[in-house]
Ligand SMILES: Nc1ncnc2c1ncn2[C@@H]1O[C@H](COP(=O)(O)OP(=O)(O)O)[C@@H](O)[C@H]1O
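The form predicted on its own is given below as one chain in structure tokens.
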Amino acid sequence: MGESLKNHSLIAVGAEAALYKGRFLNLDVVIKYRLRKPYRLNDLDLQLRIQRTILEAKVIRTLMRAGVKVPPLLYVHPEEGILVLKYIKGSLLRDVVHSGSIDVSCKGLNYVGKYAGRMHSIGVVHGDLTTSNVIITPDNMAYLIDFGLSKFSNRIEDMATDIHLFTRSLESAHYKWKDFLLKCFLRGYFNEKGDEAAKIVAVAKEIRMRGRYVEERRVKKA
């Protein structure tokens, strides 16, 4: 791959991976390197990185086939923990909301809800659904990104956790507009998911209440 991948520059480093921007097959791409964990045994670490890289690639391919907007997958090297994805030009939804573009934000949230509903309908959960993991393109289309914590699951609890985490991200990062933005998201989700959406959202509220109960118990003990 070295001859095809050149001049890549660091974009960000997270807990699980480093992201680089570069060129591959004459395309602008993002290269994701899943990082080695020095505290793990080498053989175990390698196996886990291979498994996670393969799983993430399968999730992305599944979503692409289902019509969910995600960066197209161009190359996978499980042993090196590498994914190469087409670079999507745009801004994070988080930054679009912060800029005050509320109409654009609502349209983006509606897309995210639609894609989340389709994702759940085909048995995929994102695992880290936030406004920081959505790109809004110059023509106001939305792309879901970062499937490092994703998995295949048909459990209502797992789908509801996606909704719960997304709701919390709106509350923590966009408190002023959280109620309006959540309505935009849920409109897209209900339109795509149909009758089952109400049950999933209800379970998400139960998860939220459990979290509040645990926090209240923690505060009382302190």
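Residue numbers run from 1 along the displayed sequence. Since the model is a prediction, treat every value here as computed from it, not as a measurement. We call the rigid core the largest set of C-alpha positions that still match within 1.5 Å between the two forms.
Below: the form predicted together with this ligand, not depicted.
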item: Partner proximity in the predicted bound form: residue 135 to this ligand, non-hydrogen atom cutoff 4.5 Å; value: yes
item: This ligand contact at residue 32 in the predicted bound form, heavy atom, 4.5 Å; value: yes
item: Residue contact check: residue 104 to this ligand in the predicted bound form, 4.5 Å heavy atom; value: no
item: This ligand contact at residue 207 in the predicted bound form, heavy atom, 4.5 Å; value: no
item: Output flag, 15, 19 and 87 jointly within 4.5 Å of this ligand in the predicted bound form, heavy atom basis; value: yes
item: Contact residue in the predicted bound form, from 92, 76, 141, 122 (heavy atom within 4.5 Å of this ligand); value: 92
item: Which of 24-32, 155-163, 168-176, 41-49 lines the interface with this ligand in the predicted bound form (heavy atom within 4.5 Å); value: 24-32
item: Heavy atom contacts to this ligand in the predicted bound form at 4.5 Å, residues of 145-175 in sequence order; value: 145, 146
item: Exceeds or equals 2 Å, Cα of residue 202 between this form and the one not shown, core fit; value: no
item: Threshold 2 Å Cα movement between this form and the one not shown for residue 25, core superposed; value: no
